[in-house]
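Only one chain is shown below, in structure tokens, and it's the form predicted alone.
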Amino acid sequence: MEIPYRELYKKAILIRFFENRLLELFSEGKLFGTTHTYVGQEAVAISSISHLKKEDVVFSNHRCHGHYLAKENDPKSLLAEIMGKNSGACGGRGGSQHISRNNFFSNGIQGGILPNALGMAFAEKFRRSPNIVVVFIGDGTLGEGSTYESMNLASLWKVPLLIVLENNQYAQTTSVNDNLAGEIIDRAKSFGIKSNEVKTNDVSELYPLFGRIINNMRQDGEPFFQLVNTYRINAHSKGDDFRDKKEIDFWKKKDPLIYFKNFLSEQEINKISKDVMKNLKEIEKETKDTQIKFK
């Protein structure tokens, strides 16, 4: 499978620049509500969502910006939304966590999106469409009963639901070592759902992997559970970070952006990064200058 490294890097660096700038804007008091960045996990979103069609459906969680940008490639609507502007994806009413646009849905309630994704996947099966539904959850979501209820029904009904669990090692500030017994993947396997586990941030591995999974799902219409062991480099939200610095430094060496150096020249990387940053600065200026109109 040919991998479009330039396009994937463009999406990855867009997410990285966007998210890091959000933290600065939050400190400046420019955002409405809180924000949870996706820094360090970019490879999962771009590798999976790049294989989707516009008719496919994506459900995300409180850490949703990376998934939204990977699908919509529209930082302008997302920034405006998080800044509470009328020009935002949801008219400035959804904020950072609650987005609903073009078959993309996110919600900040842990586990709350899984039943919704299940229902949407059942609807696609009922319509006999070739579409699939992808839902992104985290390791912390495994503490919710609705997660297991949804897996049970997904297996029983054999719906086209791809559950992507991004295990970034922490549920807010609690390590998986302190709150999860047994193996994560066994939870899905116990319901008879086809499952797979990887530990990588390398798009050269993740992109073809998700390509095969999604292609097979379109053929058999059955659920699949993909566990990706990754890591978030930034704090849970803004400054609530109690992790060991050595641990963070270890994972920084496995930064998703680093792997692109094996496939793109330094000149290509610099050119793409410069163009993306320029575009984001223009979008930010335009968004800041837009006045909020109350209706």
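Just so it is clear, the model here is predicted, and its values are computed rather than measured. From 1 onward, residues are counted along the sequence shown.
Below, we turn to the form predicted in complex with a small molecule, even though it does not appear here.
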Non-hydrogen atom within 4.5 Å of the small molecule in the predicted bound form for each of 147, 151 and 187: no
Partner-proximal stretch of 263-271, 42-50, 243-251, 58-66 relative to the small molecule in the predicted bound form, 4.5 angstroms, heavy atom: 58-66
Listed residue that, although the small molecule is not shown, lies within 4.5 Å of it in the predicted bound form (heavy atoms), from 75, 92, 221, 140: 140
Residue (of 122, 207, 105, 170) lying close to the small molecule in the predicted bound form, criterion heavy atoms within 4.5 Å: 170
Touches the small molecule in the predicted bound form: residue 198 (any heavy atom, 4.5 Å): no
Touches the small molecule in the predicted bound form: residue 110 (any heavy atom, 4.5 Å): yes
